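In the form predicted alone, a lone chain appears below as structure tokens.
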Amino acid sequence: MRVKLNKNSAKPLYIQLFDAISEEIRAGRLHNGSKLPPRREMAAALGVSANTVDSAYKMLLDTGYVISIPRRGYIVSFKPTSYESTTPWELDAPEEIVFSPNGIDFSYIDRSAYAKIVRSLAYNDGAGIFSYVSKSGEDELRSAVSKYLYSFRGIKCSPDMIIMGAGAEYLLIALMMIFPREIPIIMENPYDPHFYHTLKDYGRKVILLPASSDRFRADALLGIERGVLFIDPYSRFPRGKGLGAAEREAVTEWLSGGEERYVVENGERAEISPYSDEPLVCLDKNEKIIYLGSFAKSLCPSIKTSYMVLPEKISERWKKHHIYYYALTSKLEQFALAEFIEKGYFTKHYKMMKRIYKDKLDYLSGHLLREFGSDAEICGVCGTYMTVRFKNKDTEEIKKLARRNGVRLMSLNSFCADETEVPASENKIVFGIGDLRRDEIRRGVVLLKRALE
């Protein structure tokens, strides 16, 4: 087994080692039943620490490439997805590759650090993890989030301004309760279906700005007298394009033009977005922008703890209405997250994932260019997905043909409220790469090319 590590690379050594060994396994050069070299032997051969090798081996174990047998070590045990170039794909072939924009790669989480924190908390009676949950969230977590937001996002807020909750949707519903029911929600069309249906099902009137992915329809927003604008300025999901400077200015202009006008800034994808613009909440001079954050996209989807930063005026309204509000997320998870942030693990993780997702998107872009050339136009890129327009091809037909060949895709117009009114500019495919490996990305593009020939 030949492994070369670049000690000058920004990518951590243990991830380089994981990538190299997993590639050897997928390529068939390391067969099932093969034994990986002992950790110290591998470390000495590569000139790295035994901890580096141990972290890489544990990632291989967690992601299903190897198994661990006592007194024998790590043994290759990989079950690849069946794929043959001569496969006679049937009409109802199951999806093999799913390019989901919501996929998250959680294989790189420092599990040993998180497990150590949880174990320490579980055996530390002083942590009080078995007592009642604090109403607005544990002070330790709110303090950690407050310091993180100021240090890395430039958002100035005290811990008292932060409300924790069991998921962004739960927080959003609770937030809407403090506004009069006649005040509508304003969203862009196409929209994020999770939040659109959460608000719609709750009984709120939702005003959708006219469908447009190329620009934010500020003209339509300025014509609305009052409402709560829900917007993701970092990716405008599912477009993959953040708000420009003029569009940000238009939002703040609308906000200051009337009393019952508010903004909920969705920061769920802020950490993994390539756009580094200042958060909208930092431009708020009227105390009318609420910042909504989450760990589901930047860490892993199973951690449902989310948070809001409420301006003082809105915070007072919240406290009067939600006397009996409870965060409804476990104390153990809150304490563990607080320590994970305080010790720098969270920042290190999302910065690493930002690079990894960019590498995957570059890899996808390269293969699309190789297979389709100028027929595939990349329109937007953000975090874990990109939007692509295929010249002279209808997205619904693309999706149908791709699915018959084992590839599942989503189109931009599938996120629209009324597909019959979608303009031609929305004729794009959304490629998500978050939870896909490189070989899956490559195979998915090849299968798509074959489907469209």
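As the structure is a computational prediction, the values presented were derived from the model and not from experiment. Note that residue numbering begins at 1 and tracks the sequence as displayed.
What comes next is about the form predicted in complex with another copy of the chain, which is not displayed.
Distance criterion of 4.5 Å from any heavy atom to another copy of the chain in the predicted complex singles out 111 from the list 111, 351, 313, 226.
Here is the short version: of 174, 280, 243, 157, the single residue with a heavy atom within 4.5 Å of another copy of the chain in the predicted complex is 174. Interface residue remark: residue 331 is counted as part of the site for another copy of the chain in the predicted complex, having a heavy atom within 4.5 Å. In the predicted complex, residue 369 stays away from another copy of the chain, with no heavy atom inside 4.5 Å. Among residues of the shown chain, residue 167 is one whose heavy atoms approach another copy of the chain to within 4.5 Å in the predicted complex. Another copy of the chain in the predicted complex is approached by residue 304, whose closest heavy atom lies within 4.5 angstroms of it.
Only one of 97-105, 258-266, 211-219, 369-377 lies within 4.5 Å of another copy of the chain in the predicted complex by heavy atoms, and it is 97-105. Using a 4.5 Å cut-off on any heavy atom, the residues of 132-165 that reach another copy of the chain in the predicted complex are, in sequence order, 132, 133. Note: residue 110-residue 32 Cα separation is 3 Å or more shorter in the predicted complex than here.
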